[in-house]
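Here are two versions of the same chain, shown separately as structure tokens and labelled structure 1 and structure 2.
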Structure 1
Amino acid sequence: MNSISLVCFLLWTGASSFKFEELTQYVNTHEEEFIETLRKWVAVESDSSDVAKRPDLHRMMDMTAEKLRLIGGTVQMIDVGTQASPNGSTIALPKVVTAQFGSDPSKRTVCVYGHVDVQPAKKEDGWATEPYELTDIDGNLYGRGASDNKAPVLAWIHTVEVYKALNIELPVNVKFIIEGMEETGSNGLDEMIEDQKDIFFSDVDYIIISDCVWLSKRPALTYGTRGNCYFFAQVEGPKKDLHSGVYGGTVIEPMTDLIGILDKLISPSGEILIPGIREAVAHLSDEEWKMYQDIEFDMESYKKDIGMDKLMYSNKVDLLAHRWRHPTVSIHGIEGAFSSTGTKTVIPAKVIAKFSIRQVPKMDPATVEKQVTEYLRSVFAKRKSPNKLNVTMVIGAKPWLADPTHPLFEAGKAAVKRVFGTEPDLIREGGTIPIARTFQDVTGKSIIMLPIGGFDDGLHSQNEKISRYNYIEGTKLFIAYLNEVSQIKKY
């Protein structure tokens, strides 16, 4: 190659201007500072499911906005309305934080989505450390929300911060949209995205989401998520709780009815019994089968991580397919049921089961709602019970699926290669990011999920964590990714 073509090549690849070493060196020297910020964020009990914690959640949104402002972003806090609280009053939803860094029309514009609300956590649930005190044990940073999704959001903010601190021009314009209700179905966000379609999103090329985890120790790029239809099934009987010795044997108990109908949702071998649900599942193509077969996934470490000797399926392809592309029913709990320690002998008067169905492409929440409601009513009717059943769907989040051959994924592969020296796995996610599908349908923009969390981070579980390694190397991955995206040619 002569010198002129070498210069052209360097310009084309961006290699001449990308100061990767300098940028990542800054990350290395600021590791402790980045962890301190995570510590402050984890300390905020931003549990979106508990209205009593709403002031903390508002504070978390303010802290997020402040952090983005401090590094020079044009920040807005968008009011997305109110929600009904359990006591019947209305309560303000947390504002959605948006930020913008750069508006150069000659550059690509990416929008990073994330959330800073968390699932509930109490030490007595079985945590080894205080859930809201970030605790470093052997290089793992334990705390509620550490991996889901505070560290990834911070890693993205730090990515911009590093460029700013070193006075290096960002290769793309970067926008942020950070919400505080993801864990309860992204309330208010769909409407906001509709409203902002031709405003905030008008110049956005791509949407990046880092709210998921790798499948193994190998980095991954995610091209699909399952949706989630969440139901309440309430059975109501006597007007008050009853003594089981005095009244037992004379009343048809709401809890017995409820357990009876719940048992008809899914068979012991995982077969969903609700008519119409299984029929909607797409056939696993030979191509997909081959893709799954090549994915790095160790069944033994999976079992060890969750503490199970036997799983529903004994081969990798079936297991992955049922984790990602088949629906499933999970029963989460029963409100009104006795659940403390001890031996209370009560017949609860009213019980509400909480269960959800993870759904896959071709399943529509409105159809699932009808199928589930009609089925449970018919199962309940057969019991000829005098009790009253009421079924409601409280979350209807759609699944999302992208084309893994899109240049966004090629850019992801190149960035992973640069930072981790390996090829990523192309994976799907069994969990749900409710807003992913809305982004796709409303804005028409392409989306990639670029996870940095580890496969064993324990999202929603006791002892959630992110490793220092994933947090810090993940930040470098984002730095490398922005550079790769800047080079994607317009179609």
Structure 2
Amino acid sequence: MNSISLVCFLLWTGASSFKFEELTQYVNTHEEEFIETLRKWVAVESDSSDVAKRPDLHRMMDMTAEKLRLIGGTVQMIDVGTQASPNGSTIALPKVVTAQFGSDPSKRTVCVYGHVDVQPAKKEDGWATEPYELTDIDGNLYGRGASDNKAPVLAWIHTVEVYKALNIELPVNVKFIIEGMEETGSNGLDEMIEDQKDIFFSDVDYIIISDCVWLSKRPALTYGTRGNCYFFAQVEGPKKDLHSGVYGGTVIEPMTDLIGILDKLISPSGEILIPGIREAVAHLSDEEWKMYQDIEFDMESYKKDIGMDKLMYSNKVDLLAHRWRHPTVSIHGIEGAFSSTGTKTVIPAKVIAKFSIRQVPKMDPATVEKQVTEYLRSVFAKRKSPNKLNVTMVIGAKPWLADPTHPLFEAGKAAVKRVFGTEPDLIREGGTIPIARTFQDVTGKSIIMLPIGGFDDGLHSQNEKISRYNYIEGTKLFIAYLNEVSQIKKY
């Protein structure tokens, strides 16, 4: 055999060695088994915001570790410390689960990140089904955490499980890092990643995150997220709450001051009024404009889904750009104000506004904190109020942006084309996934977000779900993706 024939033979055997049909057929025949596993996971009330449910969260981490052990992973449960509970005592944080499958130095190594904690959920909040009982209705699997993030985590575990069950060698080494505090800020995880930078992550080539969703019915690859600067603005006046009939008209009310300064954050048309914020936004290039123009997105369906007749912008490109690549100001609530049913004629002595700024690349949280604090102080000073203003930033999560032309994304396109028969949309995410930026800054590894959740899954909302289709076909996508990543050349 001459050298050219040998090369062709090796290329042909390498391409044909991927037993895609055999692997995906196994997924099809084990669909109900995979759904039953999801049912068991959803049944665990792993709400990380409620310390009373911490035993459930610990149990969820144990179940995750055991599942990874059962399919042959080298598993560790890493202690990441404690947190303060509301009564002043300390409570153990859930351990972070890591696992490893394969350590062949000739192969690429990918690390899959996920979380198995969930947002709070109660039937009386407006759920049509019991939130912790996975319920199949017309092919949709309803339950808290179904899409965010238990089904995607399980889809990745099932991916490895399928290779193992068929005794087919994994095309890459696979590592997992799965946490239980993502919904409340990933307590302890940043320090753990820093500690493991030269240990667990030393041989990792790429990091994959599947904690996001498609934009439409078309599959998507996500290459950016916004950050989040969350603020408290407190206005304090009299030493106690006052009766509006007795004291109204004689005191300068803290609530009036607070509403006044909040009104200066953003205009009715959505323009951020804080100096320096809008100026930090990168110009929308012609190439990016065309990319947005080609994305599948139905504005009428979007309006219908959220129940609005009119949006801030009337065309797709402007709307997507302001959802993904422009900062926004959102006012979330006022602590200390009367909010119960009925009437109460009170003048609150102290009120605290809670608002956030979703930030984009070229915006630094420390700079945003300075800009917001100085601006609100100047606005407040013009009111000449005797009340006291205090502004604090309680969250400063940075945005994340990847290069959508990186081989990781080319591999993603090929995998989507194989499984779904279409090109994926390249999208950004308007929300914040802080761990992506932490991985990028600490490990220096390339990252891709590879979602399988549907655009209508209702993350963090009532009636959260994932469809059978997305769960099962998403597992096949991950199977195909590992093969595509294995073919990325080493430089």
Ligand SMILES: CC(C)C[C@H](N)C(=O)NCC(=O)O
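Counting starts at 1 and follows the sequence of structure 1. Nothing here was measured: the structure is a model prediction, and the numbers come from that model. Definition used throughout: the rigid core is the maximal C-alpha set that superposes within 1.5 Å between two forms.
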Legend entry - Matching structure (the form predicted in complex with the ligand), either 1 or 2: 1
Legend entry - Exceeds or equals 2 Å, Cα of S330 between the two structures, core fit: yes
Legend entry - Large Cα shift (2 Å or above) at G260 between the two structures, core-fitted: yes
Inset, instruction - Indicate whether G342 shows a C-alpha shift of 2 Å or more between the two structures, with the rigid core used for the fit. - result: yes
Legend entry - Core superposition result - C-alpha of V368, shift between the two structures, Å: 3.0
